[in-house]
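Starting off, we have a lone chain in the form predicted alone, written out as structure tokens.
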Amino acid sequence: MGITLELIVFLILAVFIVASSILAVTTKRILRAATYLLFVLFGTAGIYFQLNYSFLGAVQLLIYAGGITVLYVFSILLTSSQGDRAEKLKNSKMFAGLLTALAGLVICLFLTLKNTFLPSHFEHGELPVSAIGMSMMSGEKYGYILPFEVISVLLLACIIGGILIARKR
């Protein structure tokens, strides 16, 4: 297997995502953590575009990188004081976090190395957007109309909660 441009772009995106995610969980400032999360979501969209899944990449950019990150930033700005910093972790919590991360890494490596993954019969590319929309918004067995409505009610509750918190100040 030779080194191709696709592999180089994937490795650059993977390093970018890993570095941004490490910075997101280790930074002391919560607004910077939200910014690094935005970078992780941009990198994930880049991988979707590289796989030629333009619909998923566009959804990733519009919904997650655009909407959810803006919601996080607004909620952070509404609820935190100026210069809000995270508390310093105790050694026991740091040890527990490192132990949990190590256990997750061992489990992932064990499952990846133990199983032989069969080649998929999945065709590269994507369906037309109209077919994706009709299957997602159907009320049948594998439709997503109910989760879509539940998420919209949840986002409405978050917006109302943010407004109530802002009015109290």
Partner chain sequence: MFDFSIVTSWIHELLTSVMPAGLAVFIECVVIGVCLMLAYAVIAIIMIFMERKVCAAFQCRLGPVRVGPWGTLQLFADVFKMLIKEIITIRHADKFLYNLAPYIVVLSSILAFACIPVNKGMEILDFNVGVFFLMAASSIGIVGVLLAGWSSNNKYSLIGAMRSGAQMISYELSVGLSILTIVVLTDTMQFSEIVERQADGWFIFKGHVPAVIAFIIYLIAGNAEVNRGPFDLPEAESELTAGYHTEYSGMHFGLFYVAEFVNLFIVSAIAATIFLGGWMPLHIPGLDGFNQVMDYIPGFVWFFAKALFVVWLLMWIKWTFPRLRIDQILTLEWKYLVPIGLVNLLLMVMCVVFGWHF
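This structure is a prediction, so every number in the text was calculated from the model and none was measured. Basically, rigid core = biggest C-alpha set you can superpose within 1.5 Å across the two forms. Numbering follows the first chain given and starts at 1.
If you look for the form predicted in complex with its partner chain, you will not find it shown, but the lines that follow are about it.
Within 4.5 Å of some heavy atom of its partner chain in the model of the complex lies at least one heavy atom of Ser54. Residue contact with its partner chain in the model of the complex: Leu127 places a heavy atom within 4.5 Å of it. In the model of the complex, Lys28 stays away from its partner chain, with no heavy atom inside 4.5 Å. Taking the partner from elsewhere, Gly66 is found to have a heavy atom lying within 4.5 Å of its partner chain in the model of the complex. For the options Ala103, Met134, Leu109, Val70, the residue carrying a heavy atom within 4.5 angstroms of its partner chain in the model of the complex is Val70. Although its partner chain is not shown here, in the model of the complex the stretch 29-44 places heavy atoms of Arg29, Leu31, Arg32, Thr35, Tyr36, Leu38, Phe39, Phe42 within 4.5 Å of it, in sequence order. Superposition of the core reveals a Cα shift of 2 Å or more for Gly133 between the shown form and the other one.
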